[in-house]
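Quick setup: one chain, the form predicted alone, written in structure tokens, and binding and motion questions come after.
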């Protein structure tokens, strides 16, 4: 004979009361809604201006569509976060972040302040406004189901060691996108450098308390998986909480210092402005 359930959710009414009692509770990893309830906005940013505030656990993911000009700040408060990021045009998602062009066109493999994040159409999806970490990677992509299964014994999205690609596929599915829409990603807070013989050396984190701020140069669908870097040599699945904040702003305009910083940046931003003007987006 089955044992009668006697817990706080034993009946429909008890389950409803239990669920409603959770309203207002806080956890280490959760979205803040409304975003203005975030307890510590960045200096100079009024709390009421925040449009996205969230903590993402290690092994978690998040996603949101943000407006042109939005500042998107990713922070690593503990020192072991690794944000694997994809960017898509929300209205035409076949145009998306292309990490190969992002390192090839600007003649720079190491992403930091002033770097444009490019699509394969030669247009800027975003630019890096601020970077206190300088430990990022545009070369290795994120972890796969096969790799995490071999490394940690499991890589499924809901298992103990989720792979980045599995989580990005889940985030993409929220917008009707499939595995073919999940290209190689750009990762922040765990660095890689190329050695003289062409091999990739993992340089790890810059430590706790760093952040990077991106500017959306066009409307963006942002997908983020917070998982260990695929070259992280530690045997345990190690990844700490990631903070995500966003607030409105202006895109880079002609005459801005960043617009004129290099011929490649100027061309990418000009291509973006021309593309958006034809669509009636200012």
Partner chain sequence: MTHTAHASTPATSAGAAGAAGASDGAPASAAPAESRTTVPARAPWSAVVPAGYTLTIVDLGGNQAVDFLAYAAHDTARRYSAPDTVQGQGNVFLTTGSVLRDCEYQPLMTVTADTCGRHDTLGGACSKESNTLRYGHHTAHQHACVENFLLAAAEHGLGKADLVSNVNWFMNVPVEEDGTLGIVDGLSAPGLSLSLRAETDVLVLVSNCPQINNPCNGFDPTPVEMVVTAPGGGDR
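Source: prediction; values computed, not measured. Residue numbers count along the first chain shown, from 1.
There is another form of the same protein, the form predicted in complex with its partner chain; it is not shown, and what comes next is about it.
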property	result
In the model of the complex, residue 169 touching its partner chain (heavy atom, 4.5 Å)	yes
Contact flag, residue 75 vs its partner chain in the model of the complex, heavy atom cut 4.5 Å	no
is_contact(residue 174, its partner chain) in the model of the complex, heavy atom dist at most 4.5 Å	no
Heavy atom of residue 109 within 4.5 Å of its partner chain in the model of the complex	yes
Position in contact with its partner chain when the complex is considered in the model of the complex, options 80, 89, 101, 131, heavy atoms within 4.5 Å	101
Non-hydrogen atom within 4.5 Å of its partner chain in the model of the complex for each of 58, 211 and 250	no
Interface stretch in the model of the complex with its partner chain - options 253-261, 62-70, 230-238, 34-42, non-hydrogen atom within 4.5 Å	230-238
Contacts with its partner chain in the model of the complex - residues in 41-69 whose heavy atoms fall within 4.5 Å	none
